[in-house]
Structures are given as structure tokens and as C-alpha cells.
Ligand SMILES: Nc1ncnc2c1ncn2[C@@H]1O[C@H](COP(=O)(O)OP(=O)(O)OP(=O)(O)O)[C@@H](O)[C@H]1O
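Here you get one chain, nothing else, as C-alpha cells; it is the form predicted on its own.
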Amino acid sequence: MTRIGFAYNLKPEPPELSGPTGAAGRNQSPADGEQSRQEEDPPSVSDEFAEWDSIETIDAVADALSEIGEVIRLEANEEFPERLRAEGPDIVFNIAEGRYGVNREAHVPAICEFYGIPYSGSDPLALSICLDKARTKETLAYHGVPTAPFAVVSSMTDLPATRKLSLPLFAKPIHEGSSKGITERNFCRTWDELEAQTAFLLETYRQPVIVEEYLPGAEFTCAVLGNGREARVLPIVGMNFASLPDGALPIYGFEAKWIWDRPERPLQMFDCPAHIDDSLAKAIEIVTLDAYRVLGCRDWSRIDVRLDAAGDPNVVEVNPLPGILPNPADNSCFPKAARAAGMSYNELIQSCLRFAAARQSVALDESPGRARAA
């Protein structure tokens, strides 16, 4: 039987909170003193582990992998290298986000490569590039993949470089995911707003800030599965900004993802398949697959696309470690797109592993009669 190492980061249990919690309970609110557009103030907790996975997700992935082989759980902590070497799995299924440094998402794949152990997903270079929003956009622009004009502010002395851009602008930390550091305050209509928010982000997140021209059109997220000619875009997910609270900006940021979307008042945030015509869907798919290939993504990724003022799709971000919450009630876009394509959660996870195994000529010793994912 195939021995499958499963690399992950387990989200710590949240502290006990007073006041409303809901979907935001395990992550932080916007900056201290910032008001949500709900009737209540959001709780104030840390977003340090927002990218890590809950035990529910980890158990669901392990269950899916167990239909293919023996699963060896390898939490991506300080003991990971030693345990990986000792266990010597045939292949590693990797969803570990890492903790420290700008290359944190690349740590597990790099260690796997050091020991010569095959693994799923993108390689260390692709993961590090995609976690750097500026390097991602530079690579896309070089290859002619449309993305909004931008500037990088490493300190406040770099702020004049943003004057080449056109207002309104959007500022965000350069090395974060899961909407960490992205709130409504990041939308800047004036140069004074940009200066204040850039200073806040530099101080809070201790990393450069990327400032880009705001794209005013509709937003979509696209799940890609496969490699080479087999790579395909699953049904496109459209953002339904009309479901946000009255007066909210059309931004799927921290408030929408972790505060306003509560179990007792869930946002109807996504339409899948997106309600768009075939020509626009084709244009989005082309841009998505172009980005996937030029950035060197493998097996799976989720790519965010937004329309500019002319209605043309632009790549916003690329996520080679996509969120994969198993509960259909959760707004997790990759599983949502898979379900729209007729795939179960287990089939999605197994498909990623099979693409990874085929790419590296790893034979999966599956029991006869087990159903294979499409």
C-alpha cells in the first residue's frame, strides 16, 4: 500500500472571547478601533494563524487520502524534517502554509526535495514567487498576462513612486494570504488616505506594501486542477458583492471573509458557476491558465481575477496552496467549484494527489475497485 505523508499546519484553538464570534472567531478583526459595518463591534483576536487549517479540514483531507493509501500525518513544525526522513513516505500531500519568513510556504517542499521525496503541489520557487505579490505581478506583466499597474513601498520614503498611478488605489501587505491585512481601509480615494494606510500596514505587518490601481469591475476566483494540457479551470466562482452589508465596498477582504460571514447570518457571497456569458468565461479561463503556467504552478491552484474598467480580466493574486474547507456551508471556493464540476470533496483531494503522482512517476498502489476521480 502506498504510504502518503500528509504535511499540514494545525490552527491553534482560539482563545475564549466575549461578545459576538461567528465566522470571525478564530481570526482577528480589522485594526484596533476600526468599526465593522455590522451592528456589533467585531472581536479582537490575532490573525497570525489565519492561513493554517482547522482539525476539521485536516481530518477530512486525511480521510480522503486514506482511500488511496496509508496516511502518515506530518505536522509542519520543528520536528517535521526528522519525522519526514524517518518515515520516508512514497509521496507527500502538502497543504502546509509555514509560519516564519517570506518563503514560509516553500519550506515543506524544499525539505522534501532535500530528501528526494516526491510531493504534491508547486515547487519552492513558484510558492515563494506567488507569496510575493510584486514578484507575481512582475512575472505576469513580463509574460503579457494582464494585471493592474502597481508600485512597491518598502518605507515611507518610497511613497512618491505611487504618484505614477491613478486614484483610487488599493494597498496591501506584500507577503500575506487569507486576506490578512486587507480591510476596507486599504481602498484609498485620496493621497492622504494612501499615506495613512500605508504607514499603518508598514508598522503593523513589518513588510513592504504593494499599491495597485483599483480594478472597478466584477471579481471571480478560478480553481485550476491538473498539469500541462490536462490543466483545466473548474466552474468559475463569481463574487456576489450585493450580499455584503449596506454601504460596504465591493471587496472580499478580511471583514467579508472572517467577520460579516457568520453562521447565524451567512453571506451569499458566491455564485458558482458564475452568471456570465460564454465569451467572458472563455477570456477569464485563458488569463487564468496563462497565469498558472507562467508562474510554474502544479497540480492545483486558485487564481483571483477582476475586471478592469474596460471589462477585461486581470489577475489579482495566485494561490498555489488553495483553501479547501470541507463543509459545504463554508465559503471555500475550490471545493465549491469542484462540487459544481460534479466532484466530491474526496475526489478533489485524490485528483490533486494523482496529478502529483503521475507527474513524478509515483505508482499509487490502490486497492482494486476504488473509484478514481475525474
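Start at 1 with the first residue shown and count on from there. For clarity, every value in this text was computed on a predicted model and none was experimentally measured.
Beyond the structure shown, there is the form predicted in complex with this ligand, which is absent from this document and is the topic of what follows.
This ligand is not drawn, but in the predicted bound form it has no heavy atom within 4.5 Å of residue 53. Of the heavy atoms in residue 298, none are within 4.5 Å of this ligand in the predicted bound form.
Although the partner is absent here, residue 347 lies well away from this ligand in the predicted bound form, with no heavy atom inside 4.5 Å. Contact between residue 180 and this ligand in the predicted bound form is found at the 4.5 Å heavy atom cutoff. With the partner omitted here, the stretch from 246-254, 77-85, 278-286, 157-165 that lies within 4.5 Å of this ligand by heavy atoms in the predicted bound form is 246-254. Among the residues 292, 260, 119, 170, the one placing a heavy atom within 4.5 Å of this ligand in the predicted bound form is 170.
This chain lacks the partner; the member of 176, 123, 271, 193 within 4.5 angstroms of this ligand in the predicted bound form by a non-hydrogen atom is 176. In the predicted bound form, 212, 213, 214 are the residues of 198-214 with at least one heavy atom within 4.5 Å of this ligand, listed from first to last.
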